[in-house]
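Next up is one chain by itself, shown in structure tokens, the form predicted on its own.
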């Protein structure tokens, strides 16, 4: 019975969200805005559940003294500090919350993304091994874009940045749009499966 109710709700909600793009009335606009408001509430609740789950998971690691418990302790302390700092002194420019974000969170995030550059370079080295004509075209195009978009492009030739821009704006954009069209068709197919009750994994 519960599965049927959930399927009916999914069918009606999906049908309405699809129809409101084609039927514009005051009622549909009001319902659509109300649904978006509930979406924000659901998002806030899921953030709360995620935070509680994070603290619970790492607290258990600290309690049973598993390997790496020091990192779990730092994680729990950081979460609690940010919550207390935001509740006590707000999130203004001179607040401890903003100080921790600018001097701890932002540098750590930049460090993680900079470390990803080495993995990208390693993957590019393996991917650009020229063993066939398509691999040669891929490697040549990548070199043109990388060098042309850098400061060395102007030093080598004035035409190299223009060529890199042409590659980026034409063949690359065409491939990107093809991928996005495929993603859109896949999203529509998945939505139809959910609306029609064929896909019920969300239950």
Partner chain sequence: MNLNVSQSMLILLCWVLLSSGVVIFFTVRSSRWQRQLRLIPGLKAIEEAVGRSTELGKPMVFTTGWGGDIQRPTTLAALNLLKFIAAKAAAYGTRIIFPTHDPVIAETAREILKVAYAEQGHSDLFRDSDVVFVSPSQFGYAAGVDGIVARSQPGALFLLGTFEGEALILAETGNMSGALQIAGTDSTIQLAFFIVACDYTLIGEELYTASAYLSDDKRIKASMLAQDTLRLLMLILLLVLPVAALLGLNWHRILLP
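Owing to the predicted nature of the structure, the values given are computational and were not obtained by experimental measurement. So that the term is clear: the rigid core is the largest set of C-alpha atoms that superpose within 1.5 Å between two forms. Residue numbers count along the first chain shown, from 1.
A second form of this protein, the form predicted together with the partner chain, is not displayed here; the remarks below concern that form.
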Please run the contact check for residue 176 against the partner chain in the model of the complex: heavy atoms, 4.5 angstroms, yes or no? yes
Close approach of residue 201 to the partner chain in the model of the complex, 4.5 Å, heavy atom: yes
Is residue 116 close to the partner chain in the model of the complex, meaning a heavy atom pair under 4.5 Å apart or at it? yes
Are any of the heavy atoms in residue 194 no more than 4.5 Å from a heavy atom of the partner chain in the model of the complex? yes
Heavy atom within 4.5 Å of the partner chain in the model of the complex, from candidates 104, 80, 112, 88, belongs to 112
Work out which of 137, 49, 146, 70 lies within 4.5 Å of the partner chain in the model of the complex, going by heavy atoms. 49
So which bits of 1-35 sit within 4.5 Å of the partner chain in the model of the complex, heavy atoms only? 21, 22, 23, 24, 25
Once everything's superposed on the core, is residue 53 shifted 2 Å or more at the Cα between the shown form and the other one? no
Any chance the CA of residue 139 moves 2 angstroms or more between the shown form and the other one, core superposed? yes
Hey, does residue 172 budge by 2 Å or more at the Cα between the shown form and the other one once the core is superposed? yes
